[in-house]
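Let's start with one chain on its own, the form predicted alone, as C-alpha cells.
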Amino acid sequence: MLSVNELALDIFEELFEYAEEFNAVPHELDNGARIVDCGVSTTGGYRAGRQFTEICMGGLGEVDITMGRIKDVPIPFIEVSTDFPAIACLGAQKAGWTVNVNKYFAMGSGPARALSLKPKHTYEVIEYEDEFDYAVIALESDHLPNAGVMEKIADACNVDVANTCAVVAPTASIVGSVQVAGRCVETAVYKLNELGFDTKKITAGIGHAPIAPVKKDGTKAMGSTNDATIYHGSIMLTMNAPEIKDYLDRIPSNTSRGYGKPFYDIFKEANFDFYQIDTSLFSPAEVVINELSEGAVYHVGAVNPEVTLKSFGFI
C-alpha cells in the first residue's frame, strides 16, 4: 500500500537538510520534532513552495512553476498533476485538520492527516488510511509550532514526537501563494466529493492556476490566493464514470450565487463570517472531463481574467 507519509518524508528530508538553498530555516525542538520554516521568519521562495506543495500531496503529485499571462500581465503559474487524485487531494492535501493548541492556531494539511484520520469521514469515503511511523504535516500559519503543539500532533497520529515533521508558511508569503494555487486540482476533486460523486473513479488529474502576488494583510492574501483557482483555475480530470454527466453543471465556481467579485469583497460583505458564504464558490473556474468508458469529453465553466486581475491588484 502506498504510504503518503513515507513518500512525503523523503521530500521533507531534502528540504530540512538543504534548507538554506530553499531560503528556508530548519529547527529541531528539544523533544526531537523537526520543523522547516518556509515563510514565517524567512522569505521562502518558489522552490520551497514547490516542495511544500508536493509534501501537501503526500508525494503523489508533480509540481511545476512557469511564467504565463493573464491578458497582458505576466504572472507565474503553478501546474499540478497526480495519478492518485482521491488519495493525494482528499487524503493528504485537503486542509482538513484545524490545529488549535492553547494559543496556537494553524490549518493543517498533508499526509499526517491520513494517520490521524482528520476528518474520519473523508478516509471512509476514499477507503484509505496510512500506516507509517513518521508523520509529516503542513501548517498554514504565521507562527511556528512549539514542542507542545508538535506533541499533540504526534499523539493524534500515534507516532513518536521525534518522528513528527512540519513545514510551516503563512498565507501572506511566496510559499503561501504557491501552495494555495497548488490546490487547484484538489478544489475540483473536493467539489465532486461534496456533491456525492465517488472520487475513487477519478484516475488522473492535472491543472494550473496563477500564483497570486503576496499581500501584506493575511485576510487579503487569503482572498487573492483563493481567487487564483476560483476565477482562473483550469483543471482536467480523467475518470471511468459515465454518471459524471449528472454533476457537470454544478462543478465550476460560476454556478455559485457569490460568483463575480473578489473573495475578499465577498468575505467583507459577510462581516468576515465564513458561514455566510456560499461554499459552492470554492470551485475551479473551468474543468474538462475525459470520461473513458464512453470516450467522451466535457468542458464546463470559464476563466474570468477581469476579476482575477482585480483581486491581484492590477485593476
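Start at 1 and count along the sequence shown; that's the residue number. Since the structure is predicted, the reported quantities are computational estimates derived from the model, not experimental observations.
Omitted from view is the form predicted in complex with a further copy of the same chain, to which the following refers.
Asks: Which of 136-144, 227-235, 89-97, 186-194 has heavy atoms within 4.5 Å of a further copy of the same chain in the model of the complex?
Replies: Contact-bearing stretch, as computed: 227-235.
Asks: Looking at G223, G207, G176, G108, which is the one with a non-hydrogen atom within 4.5 Å of a further copy of the same chain in the model of the complex?
Replies: By the 4.5 Å heavy-atom cutoff, the listed residue in contact is G207.
Asks: Scan E124, D83, D198, D155 and let me know which has any heavy atom within 4.5 Å of a further copy of the same chain in the model of the complex.
Replies: The option sitting close enough to the partner is D83.
Asks: Report whether the minimum heavy atom distance between S41 and a further copy of the same chain in the model of the complex is within 4.5 Å.
Replies: Because no heavy atom of S41 falls inside 4.5 Å of a further copy of the same chain in the model of the complex, the answer is no.
Asks: Within a 4.5 Å heavy atom cut-off, is E13 in contact with a further copy of the same chain in the model of the complex?
Replies: No, no contact at 4.5 Å.
Asks: Flag P213 as yes or no: does it have a non-hydrogen atom within 4.5 angstroms of any non-hydrogen atom of a further copy of the same chain in the model of the complex?
Replies: P213: yes, in contact with a further copy of the same chain in the model of the complex.
Asks: Taking 4.5 angstroms as the cut-off for heavy atoms, does R69 touch a further copy of the same chain in the model of the complex?
Replies: Yes, R69 sits close enough to a further copy of the same chain in the model of the complex that at least one of its heavy atoms falls within 4.5 Å.
Asks: Can you name the residues of 1-22 that have a non-hydrogen atom within 4.5 angstroms of a further copy of the same chain in the model of the complex?
Replies: In sequence order, M1, L2, L7, E20, E21 come within 4.5 Å of the partner.
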